[in-house]
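Okay, here we've got a single chain as structure tokens, the form predicted alone, with questions on binding and movement later.
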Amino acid sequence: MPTTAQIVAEITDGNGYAILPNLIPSYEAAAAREILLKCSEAPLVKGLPARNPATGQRTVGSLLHRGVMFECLVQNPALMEIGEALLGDDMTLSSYAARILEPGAREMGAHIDYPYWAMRGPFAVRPALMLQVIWMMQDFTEGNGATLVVPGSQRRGVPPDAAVFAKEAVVVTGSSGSAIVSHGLLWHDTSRNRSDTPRVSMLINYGLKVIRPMEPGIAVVPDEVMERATPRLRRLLGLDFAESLRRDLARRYKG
């Protein structure tokens, strides 16, 4: 596998994304997939999973409420190394959800990621404001809704053009337990799920600490999660923001 520096360079100056193969065993991915499918039918007390009947896609949120497995996945060492190299060791968690494409689900529409879609462009590729991770909870194939990307599109610094996307997009396939890491400016979309089974992925967005999380309540987690939270998870939840700013000020005005 390429080095972290090479992956970060690819995300920024190359194709805009990289595939990290087999970060977890396929049986762990399968176990997570089954939990997510059950969660999509058994919502949290505070709300129903989002369903989009127009596209045939479902979203399951609040993954830090779903068990220790999901706390570990969001802190995967390989992802942390890449994310911190790109965004700094005080990066924060912006969103964490699962996406389920039902059989027959269609594309959701080419897009760039938060916070870019909430800002006025054009955008600079540096510094990156967001890193997206797409966990493959099963094999991604050309027939079951694998991710579509336009390689190098992050360098254009603008939202997708539908005609250009249709012409230049490629399908990113991979094996269960692998992950795609990409720049927030990369043009991407889901493809159609032409299989007879749901296609399940997990989407994680990590951001610069000064970017407001896309999910306002991302740090509102059960007490038991906080009791076992690692220092890294606390940083990801933005719980040491004030202390991090003090460190920044001390470095800026040192001497």
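The first residue of the sequence shown is number 1, and the count goes up from there. Quick caveat, the model's predicted, so the values are computed rather than measured.
The next section is about a form of this same protein that is not shown, the form predicted together with a small molecule.
- Contact with the small molecule in the model of the complex, defined as a heavy atom within 4.5 Å, holds for exactly one of Ser62, Asn193, Asn205, Ser201, namely Ser201.
- Checking Ile134, Leu73, Ala128, Val150 for any heavy atom within 4.5 Å of the small molecule in the model of the complex turns up a single hit: Ile134.
- This chain is displayed without the small molecule, yet in the model of the complex the stretch 106-114 from 158-166, 120-128, 106-114, 75-83 comes within 4.5 Å of it by heavy atoms.
- With a 4.5 Å cutoff on heavy atoms, Phe140 counts as touching the small molecule in the model of the complex.
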